[in-house]
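Next up is one chain by itself, shown in structure tokens, the form predicted alone.
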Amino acid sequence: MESVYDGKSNCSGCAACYEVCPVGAIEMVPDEEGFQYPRIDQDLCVDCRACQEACPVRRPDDFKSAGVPQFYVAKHKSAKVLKVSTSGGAFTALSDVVLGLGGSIYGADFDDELRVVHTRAETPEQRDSMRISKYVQSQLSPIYDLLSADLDSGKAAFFTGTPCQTAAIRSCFQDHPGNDGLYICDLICHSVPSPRVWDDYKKMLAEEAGGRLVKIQFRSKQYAWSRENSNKGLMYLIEGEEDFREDDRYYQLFIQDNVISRPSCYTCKFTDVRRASDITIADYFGIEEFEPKLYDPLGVSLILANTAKGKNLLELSADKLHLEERPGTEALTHQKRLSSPGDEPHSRKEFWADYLKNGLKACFISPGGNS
């Protein structure tokens, strides 16, 4: 078989095909935009088509739940947790339940080079760095074996990722004997930006500052939690300095211009209320309109309980949360990715032509200025 997918808009890079190939004929290879796609070694391929059967994008139901979820507003009871969380601390509360069962947590984290990868945690301290948003497509393939080993041993596991990643986990582990102990949690995802652009952006910041980047902070809580403030510049720390610097150019490409997202994000099949996860977490933007007393400048979470397993996990975490069921129409009003993907802008091709020819810095007018 020549290819797993038909066109780049039909591949999310979830690596499910890589995981299920019985002869190891597939490797995940980055293209010129830095996004990974499966490449088949024709000498090894036995044409079993297991890769295509596992692909969530090719499957008619995309491994999504059949029912309509229950919608909740949630806020962690600890102000300390709220301050270090992207929104209302739902991830901490849910993952604490699984850690309490002796289980493992899987989520996106930064490695030593500030690349975004999925990792495994067994303690709150290892888990805590997963709490902050990372607006880059993470590398998922290394954790499949770790997750499989956990489930083989009977351990509980909590996996958090983008909707396409959770669909891949559902695809690969739905028939696993240890599936009862697997809790799958997705995020309401705007899109996944290019790892190549991210690497070049980090280099650009370091060169401009004349030092090495040692820490990145998306969605800093130095600003009050709100939709408007969620799009402010990211914070970064240079080695040897005590104070964070701020820069808005990456957000301009990602949110405002929307030109560095993966091609499949513009046709995403996972932008509806039917999810491939047990539970969904996001920002409860707009809660100040519907119930002002529930707003908190430190953050408020939206939770969707999509399956009975997800509802049970939420109930087990309820002692750590201020929790209230809300009408689904509220979330649908403010979370557009619960109804449709974002359109591909006409300027995307122009950006990539300029970037590939002249580099990232040439795509900006001035440091911190508009693209």
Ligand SMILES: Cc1cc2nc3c(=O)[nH]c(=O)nc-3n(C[C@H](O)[C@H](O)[C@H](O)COP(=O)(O)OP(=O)(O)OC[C@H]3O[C@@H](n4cnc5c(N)ncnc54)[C@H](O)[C@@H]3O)c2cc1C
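So that there is no doubt, residue numbering starts at 1 and follows the sequence shown. Fair warning: this is a prediction, and the values are worked out from it, not measured in the lab.
The form predicted together with this ligand is left out here; the points below concern that form.
No residue of the trio Y5, A50 and V57 has any heavy atom within 4.5 Å of this ligand in the predicted bound form. With a 4.5 Å cutoff on heavy atoms, D96 does not count as touching this ligand in the predicted bound form; it lies far away.
Under a 4.5 angstroms non-hydrogen atom cutoff, this ligand in the predicted bound form has V136 among its neighbouring residues. Contact between F91 and this ligand in the predicted bound form is found at the 4.5 Å heavy atom cutoff.
The closest non-hydrogen atom of H118 lies within 4.5 Å of this ligand in the predicted bound form. Checking 167-175, 96-104, 208-216, 136-144 against this ligand in the predicted bound form, the stretch whose residues place heavy atoms within 4.5 Å of it is 136-144. In summary, among the residues S264, Q252, T160, S194, the only one with a non-hydrogen atom within 4.5 Å of this ligand in the predicted bound form is T160. For the options A156, I281, C268, I287, the one in contact with this ligand in the predicted bound form, meaning a heavy atom within 4.5 Å, is I281. Contacts between stretch 183-217 and this ligand, counted in the predicted bound form as any heavy atom lying within 4.5 Å, involve L187, I188, C189, H190, S191, V192, listed in sequence order.
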